[in-house]
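Quick setup: the structure tokens below cover two forms of a single protein chain, split into structure 1 and structure 2.
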Structure 1
Amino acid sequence: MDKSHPLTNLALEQTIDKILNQTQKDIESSIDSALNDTNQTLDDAIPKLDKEYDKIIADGKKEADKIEKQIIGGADIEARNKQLMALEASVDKVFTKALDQITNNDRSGDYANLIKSLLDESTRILGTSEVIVTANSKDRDVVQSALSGFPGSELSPDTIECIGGVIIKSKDGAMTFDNTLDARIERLKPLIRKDIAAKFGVNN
């Protein structure tokens, strides 16, 4: 069997070692470079990530604010509506009670003066005392006696359904003035409601 020269083996081994060393160095250098690149990429990504993070937080905060507004706004409106309904029910109760009292009021004394002033106001607005006056059945006597102060006026045989007061019509039928207590209360209702609400502590 032919044996190789010992020097040849040595040279081969040296070459292999050299290649191995070189390769190791290359690999180590590549690893170092890759590590550096990776670190660089990571460093570069941090501001972007921070920006993204801030954006997500800001968007989340915006969304949370929106939802908060929706919930609080809805709840406020609901609570306010309930308060309004409760207030209105109380105002209505006061109205009903007041109307009952007026309806059942005694027709003597001041009431005759009230009728007279209603007739005064009505004839002044119509511009004539040549009128036909209509009242409810309860007030007919009071009205009849008050009419003596209004020449040309007469009491209609018809009666109306109301809590008090008069409706006055010109004799040609062209003009009518409703001066019943019902009409007056209806006219003043917004102001009366405000006063009643103020008594309940509702302050505008």
Structure 2
Amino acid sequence: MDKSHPLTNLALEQTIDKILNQTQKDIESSIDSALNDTNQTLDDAIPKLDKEYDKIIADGKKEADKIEKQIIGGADIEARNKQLMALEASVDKVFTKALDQITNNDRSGDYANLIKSLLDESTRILGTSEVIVTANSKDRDVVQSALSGFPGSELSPDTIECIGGVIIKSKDGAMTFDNTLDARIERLKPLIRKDIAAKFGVNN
């Protein structure tokens, strides 16, 4: 049986109520404070987040531009490579056709005149007609016939492998000039290549 005084119980209840009220106020105050801090933190974070967002977008655009330039650059290189391959194919075709025509050309008429021109050019370059002339087996007759116009010259018993033309050597052996058609074509190749490149619009 509870023998405590009624006033004592009342005072205890009042004390408990007071403590509960104060505790509730403290909790509410803490919640309000935390909420305010959170809002402030968010407010402070928004400009930073906006800045980070802008930086991410800018970096992404920069990377996209870089990739685009790489793609365009790669396409340019690929296009130029195709142009150069087409150029080389055309140069090869031109030379193959020219060589076929020369190889199968009749060794009289214009070809005989060509041999005379080659001999005339060669002796002028060496400064003497006292020369030994070498030709391929197919050209020996026409060369032999042309040499009558070059006093002191003679046809070598040896033959050379070429599509046409002559190699002349001074009789003292000091000077030699390769005036075969093969050598002339090699000398002309850069000019022919340049001309074809211009038609392709390629800076070769």
Partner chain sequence: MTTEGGVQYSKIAEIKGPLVVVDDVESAAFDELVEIETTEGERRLGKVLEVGNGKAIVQVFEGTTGLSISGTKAKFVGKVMEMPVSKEVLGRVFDGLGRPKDGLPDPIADKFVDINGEPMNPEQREYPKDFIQTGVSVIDGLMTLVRGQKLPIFSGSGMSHNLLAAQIARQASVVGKQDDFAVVFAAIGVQYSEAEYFRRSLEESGALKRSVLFLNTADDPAIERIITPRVALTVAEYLAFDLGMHVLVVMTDMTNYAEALREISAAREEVPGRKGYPGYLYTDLSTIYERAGKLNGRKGSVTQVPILSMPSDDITHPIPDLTGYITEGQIVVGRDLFRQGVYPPINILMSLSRLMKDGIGEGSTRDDHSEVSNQVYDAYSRAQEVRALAGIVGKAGLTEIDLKYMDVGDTFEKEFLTQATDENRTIEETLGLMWKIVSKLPKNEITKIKDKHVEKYYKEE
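Not measured: the values here are computed from a predicted model. For numbering, take structure 1's sequence and count from 1. Whichever C-alpha set is largest while still superposing within 1.5 Å between the two forms counts as the rigid core.
S.K.: Does structure 1 or structure 2 depict the form predicted on its own?
M.R.: Answer to the question: structure 2 is the form predicted on its own, whereas structure 1 comes from elsewhere.
S.K.: Would you tell me if residue 171 moves between the two structures by 2 Å or more at its C-alpha, with the rigid core held superposed?
M.R.: No: residue 171 shifts by under 2 Å between the two structures.
S.K.: Kindly check if the Cα atom of residue 54 is displaced 2 angstroms or more between the two structures relative to the superposed rigid core.
M.R.: Residue 54: C-alpha displaced by 2 Å or more between the two structures.
S.K.: Calculate, from C-alpha superpositions, the turn of the smaller rigid part against the larger part between the two structures, rounded to whole degrees.
M.R.: When the larger parts are aligned, the smaller part is off by a rotation of 12 degrees.
S.K.: When the rigid core is overlaid, by how much has the CA of residue 19 moved between the two structures, in Å to one decimal?
M.R.: Taking the core as reference, the C-alpha of residue 19 is shifted 15.9 Å.
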